[in-house]
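This document starts with one chain, in the form predicted on its own, laid out as structure tokens.
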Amino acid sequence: MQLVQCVPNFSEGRRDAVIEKIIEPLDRFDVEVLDISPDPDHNRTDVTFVGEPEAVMEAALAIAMRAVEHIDMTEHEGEHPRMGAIDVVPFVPVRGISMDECVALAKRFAERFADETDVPTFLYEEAATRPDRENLADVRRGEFEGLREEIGSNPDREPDFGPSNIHETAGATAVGARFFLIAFNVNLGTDDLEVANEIARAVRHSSGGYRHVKAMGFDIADRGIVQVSMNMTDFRKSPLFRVFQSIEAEAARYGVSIIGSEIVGQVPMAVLVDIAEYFLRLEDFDAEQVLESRLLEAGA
């Protein structure tokens, strides 16, 4: 069996009734829903599900169509960068399927979605058709408001599929194929956003930090704190424990402590094994020692 993971992110994290309408079609498809994570501060919801390629694509299309129907980007506000009602739709190979096949799946999805909604659609990461669109941050530069001004007049903002103008309410969408991405946030014991921004600048690749880390500072107003919010695009090469320690050291320079961290959505078991090995200084530890791993192998 081929297994693909899909993690659609849509721009609504506060209105429960709207979130329910958008995710409701998932029950009609043969996919396993692993996680639904609304975030009121980011005003965004991540949905994670797995299944065979065709079922996953159809389920993702159903969610995307509902997001276009129920979200108006002209009224949207939130901490997280965004450019569309259905903001990103990544396909991730899990088992029995190659990255190239996920790229082909992403392109089929993008073409159908753009044709049916008139939402301009961009391909990113492994599915990108040009080097300057491999990085999602570059595709989303300027967000909904900036893209609305540029698309149709700047050739560099020409979409891969769909019209050369922004959808009036649904904005634009990025569709891609990628390796497992971990959304990892570190909460700081201060309300000074500049401290979070400086620490994010220190650890993210684009400003000289870790190669596979994207980071921004966010204000978590309802808790009176700030956060370093990260996308870890390859935990094998930039481990979470190493980035966490760097943030802790940078925070100490400002006299600030870490009050907690969070992983949004799903995480591969290998990530947690790496953390346990590192901090517990386990000698000759093997992932086969994890009980659940052996049970899965045995089909229990």
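In this text, rigid core is short for the largest set of C-alphas that superpose within 1.5 Å between two forms. Owing to the predicted nature of the structure, the values given are computational and were not obtained by experimental measurement. Numbering starts at 1 and follows the sequence shown.
This next part talks about the form predicted in complex with another copy of the chain, which is not shown.
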Taking heavy atoms only, is residue 95 within 4.5 angstroms of another copy of the chain in the predicted complex?
-> yes
Does residue 40 reach another copy of the chain in the predicted complex, with heavy atoms at most 4.5 Å apart?
-> no
Contact label in the predicted complex: residue 141 to another copy of the chain, heavy atom within 4.5 Å = no
With heavy atoms only and a cut-off of 4.5 Å, decide whether residue 184 touches another copy of the chain in the predicted complex.
-> yes
One residue of 61, 26, 55, 267 in contact with another copy of the chain, assessed in the predicted complex (non-hydrogen atom, 4.5 angstroms) | 267
Across 1-17, the residues having a non-hydrogen atom within 4.5 Å of another copy of the chain in the predicted complex turn out to be 3, 5
If you line up the core, does residue 29 shift 2 angstroms or more at its C-alpha between this form and the one not shown?
-> no
After the core is matched up, is the C-alpha of residue 146 off by 2 Å or more between this form and the one not shown?
-> no
In the predicted complex, shift in Cα separation for residue 269 relative to residue 95, 3 Å or more | closer
Have a look at residue 40 and residue 269: in the predicted complex, are their Cα atoms closer together or farther apart than in this form, given the change is 3 Å or more?
-> farther
